[in-house]
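Listed next as structure tokens is one chain, alone, in the form predicted on its own.
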């Protein structure tokens, strides 16, 4: 026993092939207790079983249980039988509970356990399995919007304003930074090509139309998916873990109306406005590049923007922002409502919400761009 320690552990032979461990003193977790490996030298080839004696034991807590569990594990690895009858009844019960839980082994990652083809097949099957749930959720949202139109949807207006604040004004700083940098990049890329034909003035056209029609909405959607879509999934997932959504069902309150509808409305209102904001910020970045690098006057840049931009460009950007907002809210709320009953499931739901949201944005962006092109808009 180390100097100053309040615990005691002694060992003596019990018969020809047995070992008795005598425990005494205070065995508490704050007492710098030994590990079970202190018996390593005593467990020679002759020892076939050990037993405990705790008559001199004064006070104990989980520290004693940890020591005993370490001894049991060490003996199990060497094929030595353990007799725990000499321990206090409380330790015996806790030890039985601890040993009753099987040790969890880390599974091989899917990349090493399966081939690439098997992974693709499994992912495809899982996607098709989740399709009916997505369609059912979409139908419930459609019914909820129908109730909203006829004035029968039940949700708190304060929840809607809170979601609008979270999704809109509080997202302005990150949207400004990303949109400004994207506008700078777009202006530099365009100028590098336009300079070859002496048409640097058309930087304004490129940045303005690109940001207002496409890039502003797309970047805003990705930002909101990572920021707000994940938050929706985490919020609803936590409510699922805490059985709050089940409580809504028990009370006869539609969780779609009360929880999903305000979030859908908030994003469908705020993402178009953030898209418009991102477009103006991108044009401002293009103006900075044009004026400082390519000697294009601010008035010339502004005049060219007014000439290039048409109302249809704003309508296209706003329509895409509205659809992207709906897709983000749909993905975040869907994954939150599908969340399991553990803390790990909440993290997985948030991650899945971001991935699903960005995937839906990409698909809808491609479809809408093709449709608008065919319509000549």
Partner chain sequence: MTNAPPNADTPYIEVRDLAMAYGDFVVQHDLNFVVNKGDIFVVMGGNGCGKTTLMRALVGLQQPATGSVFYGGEDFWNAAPEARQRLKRRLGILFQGGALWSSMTIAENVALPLSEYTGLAQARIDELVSFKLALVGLAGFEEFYPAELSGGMKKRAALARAMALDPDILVIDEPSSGLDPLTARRLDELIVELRDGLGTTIVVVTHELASILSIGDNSIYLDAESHTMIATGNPQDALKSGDPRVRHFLTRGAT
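Residue numbers count along the first chain shown, from 1. None of these values were measured; they are calculated from a predicted model.
Quick note: we don't show the form predicted in complex with the partner chain, though the next part is all about it.
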Interface membership of residue 250, the partner chain in the predicted complex, 4.5 Å heavy atom rule
yes
So in the predicted complex, is the partner chain close enough to residue 341 to count as touching (4.5 Å, heavy atoms)?
yes
Tell me, yes or no, whether residue 156 is in contact with the partner chain in the predicted complex, where a contact means a heavy atom of each within 4.5 Å.
yes
Can you tell me whether residue 277 touches the partner chain? I mean in the predicted complex, with a 4.5 angstroms heavy atom cut-off.
no
Among 280-288, 78-86, 148-156, 184-192, mark the stretch whose residues have heavy atoms within 4.5 Å of the partner chain in the predicted complex.
148-156
The partner chain is absent from this chain, but in the predicted complex, do 227, 231 and 322 each have a non-hydrogen atom within 4.5 Å of it?
no
Which of these residues, 244, 140, 300, 165, gets a heavy atom within 4.5 Å of the partner chain in the predicted complex?
244
